[in-house]
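Here's a solo chain for you in structure tokens, the form predicted on its own.
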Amino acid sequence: MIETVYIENQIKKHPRTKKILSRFKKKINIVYCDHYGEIFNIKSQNFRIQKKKPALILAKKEGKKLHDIPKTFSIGGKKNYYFSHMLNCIYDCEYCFLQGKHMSAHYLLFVNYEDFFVEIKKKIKQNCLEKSYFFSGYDCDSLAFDGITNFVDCFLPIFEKNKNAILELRTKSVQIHKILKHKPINNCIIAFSFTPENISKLIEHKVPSVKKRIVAMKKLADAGWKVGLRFDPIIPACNFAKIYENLFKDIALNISKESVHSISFGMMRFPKKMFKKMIKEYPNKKIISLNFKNNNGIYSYSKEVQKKLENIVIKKLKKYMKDVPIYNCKV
């Protein structure tokens, strides 16, 4: 899959760089550079073309590692942060905001995990009187590339030792074997993202089927792990109430509600600049047909449509997941 790996000169001798390169069984082209921006931030790149054959960039993350999450994106905590050890995703969902956010479709992996650990521990100590929530999977899929990144084995031990912190790993992947090798910890949530199967087949390219994701989630739940249900974005479609109810029902039949930490959902939404870039580079008729409205600089469905969808989703979720906390991720 990966034919070329770009490596920043400052981390070419980093132990994790060497381990990552050793995981490639086929011969790869290695190109050294002074800074990842020389490849990743070039303005003339075409995200869609590059997505067909992305390279891997190994770099050092400078500056701030943790970022605040909007209050409305919480799953019960007040101190919420996200971090990105990697930018871009191996999947190709047509609604993905990353194609409007980044110049490049290359996978950018920051190898200096230890610097992330330092900031995470600092926040935990700073918020010692209440739990800190840390979210992975905003700018990449937490698990899909784990065979190369070894992310799970590196980050889980930090949270095993710090019970006053909650880690959410958001994913559409079924690569759960490394998690299953660890003893379950109550302060880690494996959060699976879903859309109904007919929608997923149409616009979530390269993503494992809904059935396979439910099977993976069940294995984790049966092993004692807490799972999360993430229906984001909610996508209006024909027979909306029926197809979403069938999805909720299928999950409820396989996953005990006692294993579900939380449920969250949100409408498709994009900042204006990001939306314009997406439409320019990828004039996707399926996405454009959703009739977006500019709501104070955020492109999403009209307020009336949002309210209608919210009411249906909440009603159906409560039917199948009674007493599980439900969070509406409004912008």
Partner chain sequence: MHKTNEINIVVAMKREAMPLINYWDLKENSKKFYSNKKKKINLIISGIGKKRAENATIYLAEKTNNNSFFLNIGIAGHKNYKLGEIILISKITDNKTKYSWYPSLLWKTKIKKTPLITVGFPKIRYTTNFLYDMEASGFFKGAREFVGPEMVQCIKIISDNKKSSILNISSNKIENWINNKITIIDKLIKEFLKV
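Only a predicted model underlies this, so the values are computations on that prediction, with no experimental measurement involved. Positions refer to the first chain, counted from 1.
Keep in mind that the form predicted in complex with its partner chain is missing from the display, and what follows is about it.
- Residues placing heavy atoms within 4.5 Å of its partner chain in the predicted bound form fall in a single listed stretch, namely 30-38, out of 62-70, 30-38, 289-297, 268-276.
- Though the partner is left out of this view, T4 does reach within 4.5 Å of its partner chain in the predicted bound form, counting heavy atoms only.
- Using a 4.5 angstroms limit between non-hydrogen atoms, N46 touches its partner chain in the predicted bound form.
- When its partner chain is considered in the predicted bound form, K303 lies well away from it, no heavy atom lying within 4.5 Å.
- With a 4.5 Å cutoff on heavy atoms, K52 counts as touching its partner chain in the predicted bound form.
- Heavy atoms closer than or equal to 4.5 Å to its partner chain in the predicted bound form belong, across 85-99, to no residue whatsoever.
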